[in-house]
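One chain follows as structure tokens, the form predicted on its own.
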């Protein structure tokens, strides 16, 4: 019988903003595929509180990494923000979820659309070498409220340096002006063609797959717009072009 939890030890907590942070955990027994999530758990006021979190690290990296936002009245996210080196945290022993390359058909171009902390699973995938054997071009789109929330720039720049024009990185900042970023919503810019224009790449059914991860409203509206240009939901028994995962 598999244990419900693996004991993890916090190695570091990186604070990006007053509410965004990443937790690095040593828990070598945990197994997963890039793009998956597991559950994290802390004992708070004599109650075990657990929530799902995606892996940001690739399976080849030594430490597990989880990207989170501290949510008002969110007991686990608030508690995790205060963790220190040496603290204990429980980690689910294996990964779950289908936002993985093994579930994606062979196509030329992959689009990865994310809001907020949902960029995490895409970074896990893109740090995995074999992900770059599968596609000619990768378009990573990250939508946030403020430009300070455009985190993981070191990782993004490393990918840019290594994969050059095969890697296209597009950002959205909705609540302030930000140089080089689009302003607005991803679904609208699919509808009006601005996103394709920014990428210099067309979303065509014969060469495209779109992964969408983020808040439910964005998932729903984006799926509607993608269907209008000829893309359809991907299922194992009915291959398509759109793979989604709610991040709420």
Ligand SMILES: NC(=O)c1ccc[n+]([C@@H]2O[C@H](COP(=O)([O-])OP(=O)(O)OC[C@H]3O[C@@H](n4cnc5c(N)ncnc54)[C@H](OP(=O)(O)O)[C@@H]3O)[C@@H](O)[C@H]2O)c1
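If you're wondering where the values come from, they're calculated on a predicted model, not measured in any experiment. Positions refer to the first chain, counted from 1.
There is another form of the same protein, the form predicted together with this ligand; it is not shown, and what comes next is about it.
When contacts are defined as a non-hydrogen atom within 4.5 Å, all of 71, 175 and 217 contact this ligand in the predicted bound form.
In the predicted bound form, this ligand lies within 4.5 Å of some heavy atom of residue 116. None of the heavy atoms of residue 12 is located within 4.5 Å of this ligand in the predicted bound form. This ligand is not shown here, but in the predicted bound form it comes within 4.5 Å of a heavy atom of residue 145. Among residues of the shown chain, residue 198 is not one whose heavy atoms approach this ligand to within 4.5 Å in the predicted bound form. Comment: 146 to 154 is the region of 146 to 154, 102 to 110, 159 to 167, 83 to 91 lying near this ligand in the predicted bound form, near meaning a non-hydrogen atom within 4.5 Å.
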